[in-house]
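Just the one chain here, the form predicted alone, laid out as structure tokens.
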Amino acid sequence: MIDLIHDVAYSYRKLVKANSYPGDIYSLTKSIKNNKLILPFYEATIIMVYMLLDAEVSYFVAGDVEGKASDLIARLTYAKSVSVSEADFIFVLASASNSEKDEALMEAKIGTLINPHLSATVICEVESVSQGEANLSSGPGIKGHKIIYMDYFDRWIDIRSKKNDEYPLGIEMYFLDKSSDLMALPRTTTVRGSE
């Protein structure tokens, strides 16, 4: 089984680095090598579940057709399943349709000027965080500009830009792929589509 102390602590250090250097890719493979659970989502997603959720927070799962992912998360963490607009953490599974992905981002809460930390963190499963359409990123932790290669649904960059338009309001986004690689795009990172 996953070691809830060492494996999660190792992954947390990777998550901190990913936030410090947006667009860089960090492997979570070492953390999930001992996983024995049959999962309705990517293996790296279970590490994010263990790392981010507990009984004090809420979550929503997009693309969870049979509710298996949400049930498993509730059993493992005691976190509360709520509507997408109320959720502290939104998991967008690879199985989510484009309309579900669109809704998850559109409805994600952005916090308030007094409490910007009451925003949502969106964890997205993608095919790859190192292949696909080239997009230009810039902001804190990025020297000049960085090109990120990733395919997601068509409108994600536009929706994310609107959600993060009034700093400190906005959403944090993490991307996980089938190879258990992680990339972070904090709200302070600007992403522009390829021209």
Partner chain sequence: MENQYNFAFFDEGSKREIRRATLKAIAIPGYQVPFASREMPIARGWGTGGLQLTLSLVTKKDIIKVIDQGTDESVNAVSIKSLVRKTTGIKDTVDTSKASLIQSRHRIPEEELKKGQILVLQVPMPEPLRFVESSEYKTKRLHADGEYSGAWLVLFEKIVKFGMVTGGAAHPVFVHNRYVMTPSPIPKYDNSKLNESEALILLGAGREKKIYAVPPYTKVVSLAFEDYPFELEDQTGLKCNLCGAANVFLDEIKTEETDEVYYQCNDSSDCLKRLNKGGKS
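Numbering follows the first chain given and starts at 1. Everything quoted here is computed from the prediction, not taken from an experiment.
If you look for the form predicted in complex with its partner chain, you will not find it shown, but the lines that follow are about it.
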{"property": "Ile157 within 4.5 Å of its partner chain in the model of the complex, heavy atoms", "result": "no"}
{"property": "Touches its partner chain in the model of the complex: Pro168 (any heavy atom, 4.5 Å)", "result": "yes"}
{"property": "Exercise: Val57 in contact with its partner chain in the model of the complex, heavy atom 4.5 Å", "result": "yes"}
{"property": "Partner proximity in the model of the complex: Gly141 to its partner chain, non-hydrogen atom cutoff 4.5 Å", "result": "yes"}
{"property": "In the model of the complex, the residue from Ile46, Val126, Ile148, Leu52 that sits within 4.5 Å of its partner chain by heavy atoms", "result": "Leu52"}
{"property": "Partner contacts in the model of the complex for 90-126 (non-hydrogen atom within 4.5 angstroms of its partner chain)", "result": "Leu113, Ile114, Asn115, Pro116, His117, Ser119, Ala120, Thr121"}
